[in-house]
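This document opens with one chain alone, in structure tokens, the form predicted alone.
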Amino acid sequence: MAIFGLIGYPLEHSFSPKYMNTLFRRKEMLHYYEAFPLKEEMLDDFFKNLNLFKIRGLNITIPYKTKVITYMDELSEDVEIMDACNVIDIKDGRLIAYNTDWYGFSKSLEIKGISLKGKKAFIYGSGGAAKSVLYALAKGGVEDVVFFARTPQKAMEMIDLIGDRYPIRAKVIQWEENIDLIREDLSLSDIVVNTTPLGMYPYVETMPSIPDITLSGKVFFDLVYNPLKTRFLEFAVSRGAIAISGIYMLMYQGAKALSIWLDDNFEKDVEEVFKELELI
């Protein structure tokens, strides 16, 4: 039996314990997955005493995807490039950091038959989630990216970080109330991604501002997965866009995490669990 868990704060919105434990039961595995809602001042004690919990692996979510790196013994190449970790594999007392968020994003587009090569993308936000999205877009061959960000400096930093490995043309626009500032860039974009928490439970009535333009044929991806149908996606669909919920990113990054922890492919198993729980 092994214990796995999720570190972040807050965690009330997370589906991870439910679907992970459902999967373990389906596979007749005597494993258990638990949420650890830790405030920042609790992180040090948690990692100092990690061996007492006998934890085999951890997922990391906001706001600790960068902070936990200081506790690691080894970093995967993805973590080194992005400076963000969402999976920790614990082997023989060593903590190894991985990032499967970018894979979950890429896989979600792949199963919908959406290619990234040569496309233009528009990203709302400049937090840790945006970094994983930018990395996936760059690896997939996107040529141009526009950020609409409250903190442009953070967007520029991630562009510099990832652009060293994957050259990409990028533009950053300061987040303002005047959405006409983004009308042209959004009109020219093929893929539009919300990486902000706007629309996340319990603030389900909020959404990033979208100019009143035709969205036909564009792909709108909302990293928020609770609720499954956000106002952002509902608005996009009403204007002709293709909508992808963040639940798919959660599903495939989770399957990849399981493969790291347990040395097997869990994608089909995770898909079946999500269908059983009516999440997809």
Ligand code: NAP
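Not measured: the values here are computed from a predicted model. Numbers for residues come from their place in the sequence shown, where the first is 1.
The form predicted in complex with the named molecule is left out here; the points below concern that form.
- Residues within 4.5 angstroms of the named molecule in the predicted complex, judged by any non-hydrogen atom, belong to 221 to 229 and to none of the other stretches in 235 to 243, 221 to 229, 27 to 35, 40 to 48.
- Shown without its partner, this chain lists W175, Y103, Y98, F122 as candidates; in the predicted complex, only W175 has a non-hydrogen atom within 4.5 angstroms of the named molecule.
- Between the named molecule and the residues A129, V142, M82, V146, the one pair within 4.5 Å by heavy atoms in the predicted complex involves A129.
- Against the named molecule in the predicted complex, the set K54, R56 and M72 makes no contact: no member has a heavy atom within 4.5 Å.
- The named molecule is not drawn, but in the predicted complex it has a heavy atom within 4.5 Å of T195.
- Proximity of I90 to the named molecule in the predicted complex falls outside the 4.5 Å heavy atom cutoff.
- Within this chain, T151 lines the site of the named molecule in the predicted complex, having a heavy atom no more than 4.5 Å away.
- Contact check for I179: no non-hydrogen atom falls within 4.5 Å of the named molecule in the predicted complex.
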